[in-house]
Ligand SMILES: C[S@@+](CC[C@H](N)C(=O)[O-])C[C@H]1O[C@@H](n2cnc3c(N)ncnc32)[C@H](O)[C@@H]1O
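Read the single chain below, which is given as structure tokens and is the form predicted alone.
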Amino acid sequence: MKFKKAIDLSKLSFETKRDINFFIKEKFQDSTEFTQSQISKIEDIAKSLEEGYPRDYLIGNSEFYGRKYFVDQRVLIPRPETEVLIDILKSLNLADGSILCDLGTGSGCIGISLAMLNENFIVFGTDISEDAIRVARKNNLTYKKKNFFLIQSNWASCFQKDSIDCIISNPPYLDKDDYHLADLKYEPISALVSNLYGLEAFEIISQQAKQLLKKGGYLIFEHGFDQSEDVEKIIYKNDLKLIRKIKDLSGNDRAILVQK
């Protein structure tokens, strides 16, 4: 029997109906008769979606910069706002052979996207989480970027002084008491929350950038919608130069470009 005849869609929220239909198209092509086992599975999925479980984890992939990446609860789900980091990097016109570091790589979507921009870039993706490194490795096996290298590391602590052309990072930046966390309960807390009211990762990475970037090298951060001034203070404290601030689609300051 058809799924839509087997389950009363009127009892589901609009968002759940939308996501269920998306799931069916991804997994079953929405064209065949469904077995009772499949119907039971879809009913369970509908219940999970109603409880707020992310669709991307259910289908096992998420889109970033026009490409699909495997995701599960070991890594953060990529957000459209984060794509601005790739656009900023593209605007810099870095030379062949440039060394780029994606700190806190998670699923690897940023680092792999950078590696795809220019096969002559050397791109490193670091993450302190061994689980995240496994997910990023799985994604790189899909895209086969030989210029993307994964390292388990606490941010950029594994690199030498004056060795990097550009550091790019979407670090955790929520405070532990941030109300947004209620809607993010299924995503890894370590990828969301940072100490010092959400600013600790910016402090650590900026200190590292001061030492590890080559002269004239760049640092690109994504930050929270209300953190622009605080991140700017951290930048200046570490003798780095603000180049520009970048707004998201809602008009909020969302990213910052800095130079050593």
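All residue numbers refer to positions in the sequence shown, first residue = 1. Please read all numbers here as calculations on a predicted model, not as lab measurements.
Beyond what is shown, the protein has a form predicted together with this ligand; the following relates to that form.
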Tell me, please, which stretch of 136-144, 152-160, 178-186, 112-120 lies within 4.5 angstroms of this ligand in the model of the complex when heavy atoms are compared? 152-160
Asn170: touches this ligand in the model of the complex, heavy atom cutoff 4.5 angstroms: yes
Please run the contact check for Ala46 against this ligand in the model of the complex: heavy atoms, 4.5 angstroms, yes or no? no
How about Ile220: is it within 4.5 Å of this ligand in the model of the complex, going by heavy atoms? no
Is Leu100 close enough to this ligand in the model of the complex to count, meaning some heavy atom within 4.5 Å? no
For a quick check, can you give me the residues of 88-109 that have a heavy atom within 4.5 Å of this ligand in the model of the complex? Asp102, Gly104, Thr105, Gly106, Cys109
